[in-house]
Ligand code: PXL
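Encoded as C-alpha cells, the following chain is the form predicted alone, with no partner shown.
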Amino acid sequence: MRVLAINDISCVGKCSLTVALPIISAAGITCDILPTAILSTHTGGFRGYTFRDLSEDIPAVLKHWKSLGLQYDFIISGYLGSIAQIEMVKSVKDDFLKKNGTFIVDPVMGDNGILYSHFAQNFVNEMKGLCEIADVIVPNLTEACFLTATPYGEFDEQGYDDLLDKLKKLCARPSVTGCDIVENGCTRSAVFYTDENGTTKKYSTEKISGAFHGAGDVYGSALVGALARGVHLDDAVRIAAEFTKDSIVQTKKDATEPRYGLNSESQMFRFLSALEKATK
C-alpha cells in the first residue's frame, strides 16, 4: 500500500504533514508527501509566523513523479492555500490515484464556527467541488456546516443525522468530528459517519475540556493508516477516535501548551496494538 498526503508543513506545532507522515508510516504504510506550503509555525495561536506558498514548485514535482510512474492506493488532501491548489489536487487525483483507489479530503477551512481568516465563501464553494469527487471526507463540525450552508450551533443527534444527510449529497461517506452529544447525562465527543451502505453511525469517546490544535490531523491520519491496512470502516473510526482521545488526554496530563499540538507519541503503541488486533 502507498499513500500520498497533500498538506502543508508547519515546522513548529504538530499538525498537517508532521502528523500525517509519522502516524501513517507507523501503521506500516508507505507515505509520500506533497507539501502545499511551509510555515514557521501553524496559524493557531501564533503570531508573526512565516508562510511560503509552494504552488510554483508543485508542477515540477508532479512531472518528476510521472516519469517514475508513481501511483497511489490512497490520497488524502488537507490544507490548501488557494483555489488554484484545489484544482491542482483534482489533477493529482486524476493522474496518480490507482483505479479503485481511495481519495480522502479533509476540507480544512475553519473551526469554532468561523472560517480561517484567509478563506472566504468562494473558497468554500470550490472546496465543495473537491468533496464531490472524494470517496471519504473528514470535516470538523464547523467545516461540515459551511459545506452544507447549515447554521453553526448546538445540535442534538437528529441534527447531526440531518447534517450527514446534507453532506452525503456532496460525498457518499462523510465523517464529521468534534460533535458533542449527551449520553447518560454526560457530554461526550462523537464522530458521526456514514458507512459503505449509506447508514449513518456514531462513535463517541470521553469529552476532554479545552482546545487542542492538530486533533483533526491526528484523527484523519490514523483513519487513513487503518483503512490502508484493510481495517473495516467501523473499526477504523473507532481506532482513530480512541487514538485521538488518548493523545488529548496525554497532552492535558503533560500540561504542555495546546498550540504545540497533541502529544500522541506515547500513545502510538496503543494505536498500533489496536491496528494489529483489528487486522487479525
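Just count from 1 along the sequence shown to find any residue number. Predicted model only: the values in this text are computed from it and were never measured.
The same protein also has a form predicted together with the ligand, omitted here; what follows describes it.
- Heavy atoms within 4.5 Å of the ligand in the predicted bound form are found in exactly one of 211-219, 241-249, 57-65, 23-31, that being 211-219.
- For the three residues Ser10, Thr43 and Tyr79, a heavy atom within 4.5 Å of the ligand turns up in the predicted bound form in every case.
- The contact residue chosen from Ile137, Leu141, Leu167, Val108 relative to the ligand in the predicted bound form is Val108, the criterion being a non-hydrogen atom within 4.5 angstroms.
- Contact annotation for Val231: none of its heavy atoms lies within 4.5 Å of the ligand in the predicted bound form.
- Taking non-hydrogen atoms only, Ser16 approaches the ligand to within 4.5 angstroms in the predicted bound form.
- Using a 4.5 angstroms limit between non-hydrogen atoms, Tyr152 is distant from the ligand in the predicted bound form.
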